[in-house]
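Take a look at this single chain, the form predicted alone, given in structure tokens.
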Amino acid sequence: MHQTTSTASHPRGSLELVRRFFANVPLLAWFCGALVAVILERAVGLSMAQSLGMPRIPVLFGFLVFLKQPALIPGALGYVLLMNILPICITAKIGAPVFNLVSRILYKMPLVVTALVHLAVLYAVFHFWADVNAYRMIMLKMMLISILLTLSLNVINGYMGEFSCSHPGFMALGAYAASLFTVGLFVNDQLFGPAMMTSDYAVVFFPLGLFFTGLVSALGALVIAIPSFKTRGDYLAIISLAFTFIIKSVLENLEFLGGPRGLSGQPDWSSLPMVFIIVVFGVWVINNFVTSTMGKALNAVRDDEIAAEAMTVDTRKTKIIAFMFAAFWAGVAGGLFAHVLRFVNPSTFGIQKLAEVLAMVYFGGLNSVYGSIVGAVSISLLGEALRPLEILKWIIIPLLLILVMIFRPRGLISFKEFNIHNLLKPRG
């Protein structure tokens, strides 16, 4: 009996030993370790891959190799260990004293300076990693957009405690509104005619266009919120799902937007710096929203709406504002999505997109910025890793979600506040 208990607790004990071993490593050390790893990969990655029997560098940490070419699995695992895991861990651990010293200096500076230094290093990691090939680049951009989309839905389904199915509709509104703005004004197009303006100031016009698309999605949310928040229970889910189908059907029947064929020709304005900056800004704004007085009111509405009303919280106004706020960022995510793919189609924003974003929210965890980031990254990577299975992918991912709902009903990381001060502080 004693031997069985000891064996069962061994994995947890091993994880605790690893956690203690790296306890003095600050976040800056991990980022710099990742930067060393991606620079090393650019320098010797191809030769290392070929020496391990692979024709090229694994594009997604070797995940695609597992299903496409099982014979290359040992080489892919060896590559990930030698080129990714070991450089990060060794750099972070050995350099921990130096990085803690730098972190202490940064920690005494204004928070914005400290955050910008960390974000600059993180962006450098993304840039060098994604610059290896076009697949990595588009995968990274889509993953960043998924973080923004997941976090915006978590405002409704997590912080507010309602169940909304309207995010694909909001995303579609944002995608088409952004495409109308850029293609209609800045592109010579068969549908919209010659360009009305030059694209010399794209770095200014594109964010303004995304703000406009967010407002369009927020107005769409108001159409749902006014009737649905007069009711309680599951009516929001029914109305919001109907809204998604209505938006999809309308877009399929508007020939001046391409109808079911979709709309293409979006300018190539969604560079990695643009997507990274907008997503980081969106995460910062959403985190401030959910930790503000309005966020506390949302939590009160979620826990007990009647008690919240008794404590003078205007519950209907609070829910409408939160719903429109979440829709705004879903629209921004849709605008970025359209310009990353440079094509948008009504069929993209159907049940499959709804299932994907719901999986990200509930897998990562409700009421948690950390959970939304973990859920978006995990499901995005898993979806790409299972892409060779085609339709079976949409059997495996729901089964995984069911297991999470059984053993961790609120997700992997739920109800955990995103505290940037604790995140950036030195560890030793």
Partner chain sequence: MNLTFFFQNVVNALQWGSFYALIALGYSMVYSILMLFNFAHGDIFMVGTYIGFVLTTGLVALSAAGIVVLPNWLILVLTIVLAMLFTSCLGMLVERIGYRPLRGAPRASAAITGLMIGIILQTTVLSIMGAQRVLYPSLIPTTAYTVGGVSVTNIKIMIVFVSIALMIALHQFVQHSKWGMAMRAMAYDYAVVPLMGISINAIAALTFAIGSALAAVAGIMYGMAYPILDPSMGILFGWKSFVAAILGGRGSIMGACIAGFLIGFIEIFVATIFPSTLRDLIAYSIILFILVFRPHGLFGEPYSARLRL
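If you superpose the two forms and keep the largest set of C-alpha atoms that fall within 1.5 Å, you have the rigid core. Positions refer to the first chain, counted from 1. Being a predicted model, the structure only gives us computed values, none of them experimental.
Missing here is the form predicted in complex with its partner chain; even so, the following discussion is about that form.
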(message) Can you confirm whether Phe205, Leu272 and Asn422, the three residues that make up this candidate site, all sit within 4.5 Å of its partner chain in the predicted complex, judged by heavy atoms?
(response) no
(request) Spell out, yes or no, whether the shortest heavy atom distance between Leu354 and its partner chain in the predicted complex is within 4.5 Å. (result) yes
(request) Flag Ala37 as yes or no: does it have a non-hydrogen atom within 4.5 angstroms of any non-hydrogen atom of its partner chain in the predicted complex? (result) no
(message) Residue-level contact is defined here as any heavy atom of the residue lying within 4.5 Å of its partner chain in the predicted complex; does Pro97 satisfy this criterion?
(response) no
(message) Considering non-hydrogen atoms and a 4.5 Å limit, does its partner chain approach Phe256 in the predicted complex?
(response) no
(message) Taking 4.5 angstroms as the heavy atom distance cut-off, pick the stretch from 299-307, 213-221, 118-126, 100-108 that is near its partner chain in the predicted complex.
(response) 299-307
(request) Identify, from the list Met196, Ile85, Ile238, Val113, the residue with a heavy atom within 4.5 Å of its partner chain in the predicted complex. (result) Ile238
(message) Just to confirm, with a 4.5 Å cut-off on non-hydrogen atoms, which of Leu401, Leu27, Val374, Leu381 contacts its partner chain in the predicted complex?
(response) Leu401
(request) Select from 400-428 the residues with a non-hydrogen atom within 4.5 Å of its partner chain in the predicted complex and write them out in sequence order. (result) Leu401, Ile402, Met405, Ile406, Pro409, Arg410
(request) Kindly check if the Cα atom of Ala43 is displaced 2 angstroms or more between this form and the one not shown relative to the superposed rigid core. (result) no
